Ligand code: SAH
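Below sits a lone chain in structure tokens, taken as the form predicted on its own.
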Amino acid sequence: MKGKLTIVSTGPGIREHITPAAVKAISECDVIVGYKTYLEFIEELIEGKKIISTGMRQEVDRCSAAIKEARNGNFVSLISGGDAGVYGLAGLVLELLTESEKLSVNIVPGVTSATACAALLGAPLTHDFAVISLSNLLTESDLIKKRLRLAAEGDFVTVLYNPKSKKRTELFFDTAKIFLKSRSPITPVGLVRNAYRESQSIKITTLVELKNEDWVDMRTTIVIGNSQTIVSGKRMITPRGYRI
């Protein structure tokens, strides 16, 4: 590629949780490409640069625009919330590039929602865990249900991304039913909405009560504990197994 393309992960979105490597990559680029909502979180870092923003569900257009700018000789930062390699844009960019171009792309890691929300809830991920998206836009619902069932049967702490939208609610309610077949009704469940932002909401409930949380939406991350997860001092804890 004539220019340079860096896929930059910006974590939860606030300045304190953006890595120095991400800040450096942004400062060195000429062009910023990203989802308009994510760009709003980093306005102070992208001032004075050429901005290309797209809306929701325009991921292919966004990645294609970043690649085009790099091919034209520009230094480009493609912004991805959370970690670009976790339900992010890194994979799509690599699919769109030629074999030789793949070698010149830099991917800057970031804080993904699972770990960001876990820190707010306590320490629920200190043993084996699975991360599953309930969005069926790109994955068949039956496959999502299979993965949920296997995670439940395997006693994994399970993190749910994109749990529910206004039109898409069935998989959210199915999740509770699936896990109740393998877990105690009082299994701790943590919910975090808009992590690290002004409208942040945090709640710890139980598996049997999960279906009643009608405020859950696409900006919510859910952490379902395993058979050993407890709540102490209003914090979720999944013991690693150390002798105390």
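Since we're looking at a predicted model, the values are computed, not measured. Residue positions are given as counts along the sequence shown, with the first one as 1.
Separately, the form predicted in complex with this ligand exists; it is not shown, and the next lines address it.
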item	value
Stretch in contact in the model of the complex with this ligand, which is absent here, among 46-54, 63-71, 27-35, 193-201 (heavy atoms within 4.5 Å)	193-201
Exercise: Tyr87 in contact with this ligand in the model of the complex, heavy atom 4.5 Å	yes
Thr158, heavy atom within 4.5 angstroms of this ligand in the model of the complex	no
Interface membership of Thr229, this ligand in the model of the complex, 4.5 Å heavy atom rule	no
Proximity of Met218 to this ligand in the model of the complex, heavy atoms at 4.5 Å	yes
Heavy atom within 4.5 Å of this ligand in the model of the complex - residue from Cys117, Val108, Val93, Ala151	Cys117
Asp128, Gly225 and Thr238 all contacting this ligand in the model of the complex, non-hydrogen atom within 4.5 Å	no
Residues within 4.5 Å of this ligand in the model of the complex, restricted to 96-125 and counted by heavy atom	Thr112, Ser113, Cys117
